[in-house]
Every structure is written in C-alpha cells, then in structure tokens.
Ligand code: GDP
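In structure tokens, the next block holds one chain alone, the form predicted on its own.
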C-alpha cells in the first residue's frame, strides 16, 4: 500500500495486544505473529509501548500517530486546588521549587529502609542523619539541590491525599524487590500513581541478594505498563540496595532529572497554600500539624485554615526541631496554633484574619454534613452524567475470587467498551481478593465504581465506602455484572438499594425476659439502634445472622430507639443465641440513582 493510501491511526503510549488488535480491526493472533517476526514475545493481555505497536500498525498498512498527552490529562479529572492556584499566578513570578517525592511499594520490599538510607545521605544538614523528630516529611540536599520526601509510605495514604484534592507528590518512587518481583501491592501502588498522573521512577531494591533477578522483574514491570528505559521504555528502573546503600546517588540523580522535565515551579510571594502531611495532639504543646507549603511563603503570625481547623501560627519548627520564622514552596514545617486537628491530605491556606478562617471552617462543616447524604457516581447515575457532558468514561475497580474469574470479566468489559460510542470503560485496577480499604480509597480519589465478583467487603472498607460515598456492587454471576454495566451505559439500570450502617452496639450481658426468650443487654457505641430496623449480629468478625430488632427496652420502658452511650435491652426476631462480646450492627437500605 502506498503512503498516500495509508489510513492514519492514533495510538496511546501504552496498550495491550488485545486492545491493539481491536484498534487495527484484526485478530490478536495476527498481531502476535507480527510481533514475533520482529523479535517481540508478547501475550494477548501484555502491555506494549507505542513504538512496538507502531511497527505492527505500519505492517498492516496504517500510519500510526501518538495520542497527545494533553488529551490524556484532560480526562483524568479535577486539577488539585493548589495546582490551580499556581496556574493562576503570573508566569514571570514563578520560580523553580524542590520536587516532592513519595515512596510506594509492596510490604517488605524495603520502603522504610530506603527512606532511612536516603535520609542518611544528607550530610549538608550538619550531621549524617541529623533529623531529630519524625514530622512525616523531610528534605535532603543532593549536589546542592533540595529534594523533599513525604515520609508517609503507603498507597492508601497517597490516595487519601488525592481524595481530598491535595495530591502532594510530584514524583512517585515505586520500590520493587529484585528477589520477589511485582506483587499485588506493587500493582495497586502503580495504579494509584497512574490514576494520579504522577511520574513513576522504579527503585529495584535488594539487588545484592543471591536470588535477585533484575531481568525477570523488568519483564513483570513491563506487563503492568512500566517498560524499563534500557528496554526502550519510558520508565527509569534504578538498581539499588537500601541495606548496602548502593545506587542511591543514581536514584537521586534520576529523581532530579525527572523533576527537570516536569518544570516544577511556584511563586514564593503568591497566595500561600499547601497540604497537611500529618497532625497530632501533643500533651505539652497542644495541636501540632505538619504542613507542606506548595505555593507562597508561610510565616509565623499568619492565620491558617487547615481542614476544619483554623488559628494564628504561634510557632514553626523544621525537621531538626529548630524554630523557623518562614517556609517557602516544597518546605515541610511543624506548626502550633490550630484550634482543631486537620486530617492528613487536607489542604491548608493562609487567610486575611481569624474571622474569615472561622467562616470558612463553618462552611466546610456544613459541606461535610451535606456530603453524608449524597453519593459519588453510581452506575445508575452514569447515563445522566454522560448525557449532560459530565462523564467521559466509566471508571471501574474490579475484584474477583480467583484469576480465572477476573480475566473473562475484563475481556467482556473490554469488548463492551469497544462497542460503546462516546463513553469509554476504564479499568483502573483489577485484582483477586475481597474489597479492601485501598480499593475504596482509589475509587474515592478517582470517582470510580467498585465491582466485585464472588467476594466480600472488608469491614474497614465498608465503613470507608459509607464515609467517602463510594458505590460498591457485588455479584455472584458474571453475566449479571456485565449486564448491569451494559444497562448503565444505555441508561436503563434500575436504582440500587445501598446499605448504610446507622448504629453499633456491644452485647455486655444476656438475660431471660418475662414472655420467654432471651434478650441482650447492650451499650450503644456509635449512632443509634432502632426498633424494627434490620440488624446483623457479628461474632469474632463473622456475621452470624441478619434479622430485625423486635424490641428495645430502656430501664422499664419500651422505646423506639436508643442513641450512642446509652444502655438497653434488645430482642431480635427469630434469634436468641447471644454471647457476651457479640456486636450488633443496625442498618437501613437507601435507594440511590435512577
């Protein structure tokens, strides 16, 4: 086919063999054969980069073009508020600031050891490892350049920041052990970073171990879309040994190189805004919060609003516990003076006076109360959002009992997405196992929906989903899951009944009642218990029965409900086998969507 007859096709930087075959209107087998003839061995679900996909497209008579990055960024959701503040600054006032780095990875792959090793490379601060207090963030100097590290390893904490609009990190360092390779938490952490559109640098740790196999790990990284730069990919994979302190200089050099490509800037004289890294109550000094300044300069005497706390800053301390009077962009400091503890990931900003600070906090509390009665995107709401132009894609997190269930579900959803016009299906994370807090946190940060097949929801995840307004739907039959997504895309899905826990009570004693039967003597721990409401009895973390509350007695009176802190006697419908230590969870079913 001549050049003039070629069809132009736009390809993303990374896609699976299956996705490429669909875009080229050919079979996956044909794509795999062309790849093999060019020396590339790839499975049907393996990710390949643009250059590799372009070879296949060209052989099939297409003229490939790279999908522009700006379009990708546009689809990822809202820009964090602090970044919007910087974007509104006059360009001539912007100055380079230190990059902010967070470290993620699988448990036991050496995140903490790496952080400690990096901390001890900083001899510019006086003594080696001269940091005298843990403040959740610290700075080091490497070759006369400052790097800020968020000492809060864990993708749940990272996503918690995103969910609150902060997204404090500019770069993610993903730690992968050379002897253990890519693990479930590695994939989760990578997905969290990708969803946040934050560049990833891989620290290939434990290279000094006898069973380390760097090539094997690089192949696994390529499978999750992180192609090593020495394999013609765009991900820097840096071999290190945190324990032996090898390769740390190269890693820090790479972080600075990536930072230079990001054009990280702020206005030290502009509006002061940033992120709460952590906060705690100190018996001697009161509320203490670690703040990461991201624009402007924070000074002692400034009035700050942080989450639902406000107050005038009485004192500030750096990572070596020295008093400082001001802090510029990318600088972490501990401050005194807030009247309430903010949450990690909350945004802070400097306001004109304490009256304005109190007004903002009052408004935020009202918004939080209103949020309790609303939900984020559900499958039922999707079609109306799409029709109004609010939604461009359906973002999903998939959990299944085994890999053999997960793969056909993903394949069916991918096929469904290819047939759908105008609304794409984007799977942010797919893994086996129960729905966890990490899944809910990613969903909250990305405005995604969690779909589970033949799995349960962890108790912590259930509570977090209720607090964050995340929609979780569980299925026992694959075709019903696919059918519901199809109906959602067509605007025909019936409203979903969602369970909301309204109260919990601990059983302290059991006793016989006058009409026969057994009652439970309870203390209400949170919320309220209501007569005739559905309830589940939990023993040692397991649900024993789901039934209704028949009666509630407080002292000698029958009552309709009892609230937090009160004691009462409760009987259940068709259940009497109470044991001291059991928990009762009272809930209601609410309709969302439609």
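Because the structure is predicted, anything quoted here is derived from the model rather than measured. Numbering follows the first chain given and starts at 1.
Missing here is the form predicted in complex with guanosine-5'-diphosphate; even so, the following discussion is about that form.
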{"query": "One residue of 97, 106, 395, 218 in contact with guanosine-5'-diphosphate, assessed in the predicted complex (non-hydrogen atom, 4.5 angstroms)", "finding": "106"}
{"query": "Position in contact with guanosine-5'-diphosphate when the complex is considered in the predicted complex, options 110, 357, 452, 345, heavy atoms within 4.5 Å", "finding": "110"}
{"query": "Contact label in the predicted complex: residue 426 to guanosine-5'-diphosphate, heavy atom within 4.5 Å", "finding": "no"}
{"query": "Distance check, residue 322 to guanosine-5'-diphosphate in the predicted complex, heavy atom within 4.5 Å", "finding": "no"}
{"query": "guanosine-5'-diphosphate contact in the predicted complex: residue 476, any heavy atom under 4.5 Å", "finding": "no"}
{"query": "Contact of residue 290 with guanosine-5'-diphosphate in the predicted complex (heavy atom, 4.5 Å)", "finding": "no"}
{"query": "Location of guanosine-5'-diphosphate contact in the predicted complex, chosen stretch of 293-301, 348-356, 279-287, 238-246 [non-hydrogen atom, 4.5 Å]", "finding": "238-246"}
{"query": "Sequence-ordered list of residues in 197-212 near guanosine-5'-diphosphate in the predicted complex, where near means a heavy atom within 4.5 Å", "finding": "205, 206, 208, 209"}
